[in-house]
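What follows is a single chain, given as structure tokens, in the form predicted on its own.
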């Protein structure tokens, strides 16, 4: 490739950035970075009724969180500013006047009722529902006179009398018969230009060399090709990315779970895990066996030729596998700060800024013990819930727990263990706990699960969990902290869970 590519990501601020959009942004970013090109962010906000500033702010925050910073766009002004379409309306008007002047476009005075009648007739006769072109033949002078008289009109493009062709880097050669496209509206009667028009003008003026986007835009491409031809502009290369499907092989939507990037962040999915996973949704490195890539490694490896046209299926299990990997690799202090709000939000910890050093040191131990057991950070409060206390009745009623506790052996073990705990006022240490359990074993003849399961249920509410030598310090140190949710000590747990 002789020229360095210029690509763009052009979201509409009508909602939150979702998985498909994030993957599109990532592929554009990787393509530009790999080849030393430019990545442009353009905000397509001509849908004035649905575009909101809060959505634009969220989009920008999500891209920055993913690490996909742009070379030109909002906040990074460049030679093709402005980068919000709402600020480019004058540019579109100038180009519309040019198309009308050169006869490449014409005014359409058809009313909504007339157009609806046309569509109805076409449907009844099983014909394609395309515009008939009734205003195509109106002369320039007559058209201008009617417009000056105040008659409402839209502006339509004259589709050329030949097939509309383009090359797709993912799908190969694509062709649309011109009669299936009809003459598309460029500017509505309200004066607002439509999507296909402004995106083409912007791509051309911003010197975009490659348009990489979702395959839901394929049907838009012939109209855009016709606009390029009308202006005499060189076509960019196109690459239409496959649809992302849910586990049921239907298009990914909210019913499949989280789809917005902000939701993944709130769940405690790390950005490097999400970026790694999104890259694999339709792309694979040479060899096809490797699955873990940093953003820098993806930049080196990424090739559009490796993007497949087959739909990609969103796999939560794989995303969680990657997130566990990156949580394990991440700096401990960073993970602690990311995990803390989940505990504060659940009323278990104070705000991070309000916490003292002792509380933060204890939390680091808690996190080190339980982090390997979760796939995303928002699972931690539930996973660690018993540390802050548990429902005694529910623990006793649990079928598996009840089967353990009803045995005579379990009653003896709990009574013997409780006696050991009550006999001392000193904090319980893992070493002391081990001595006690050996003594209880000798006194009751219980061993293995018959020895440990009753005690574990009394201390944690469950017959399974982390090793006691790591758990005991969490209980004892936590009980001395002033937390919104008190952490009971071993002694307090024994007193709350009598043998009978």
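Positions refer to the first chain, counted from 1. These figures come from a predicted structure and were not determined experimentally.
Unshown form predicted in complex with a small molecule; subsequent notes refer to it.
Comment: 193-201 is the region of 175-183, 342-350, 407-415, 193-201 lying near the small molecule in the model of the complex, near meaning a non-hydrogen atom within 4.5 Å.
Although the partner is absent here, residue 44 lies within 4.5 Å of the small molecule in the model of the complex, judged by heavy atoms. Among heavy atoms of residue 489, none comes within 4.5 Å of the small molecule in the model of the complex.
The small molecule in the model of the complex is not approached by residue 325, whose heavy atoms all lie more than 4.5 angstroms from it.
Put simply, residue 11 is close to the small molecule in the model of the complex: some heavy atom of it is within 4.5 Å.
Proximity to the small molecule in the model of the complex, taken as a non-hydrogen atom within 4.5 angstroms, holds for one residue of 217, 158, 88, 420, which is 217. The partner is absent here, but in the model of the complex a heavy atom of 213, alone among 210, 213, 107, 95, sits within 4.5 Å of the small molecule.
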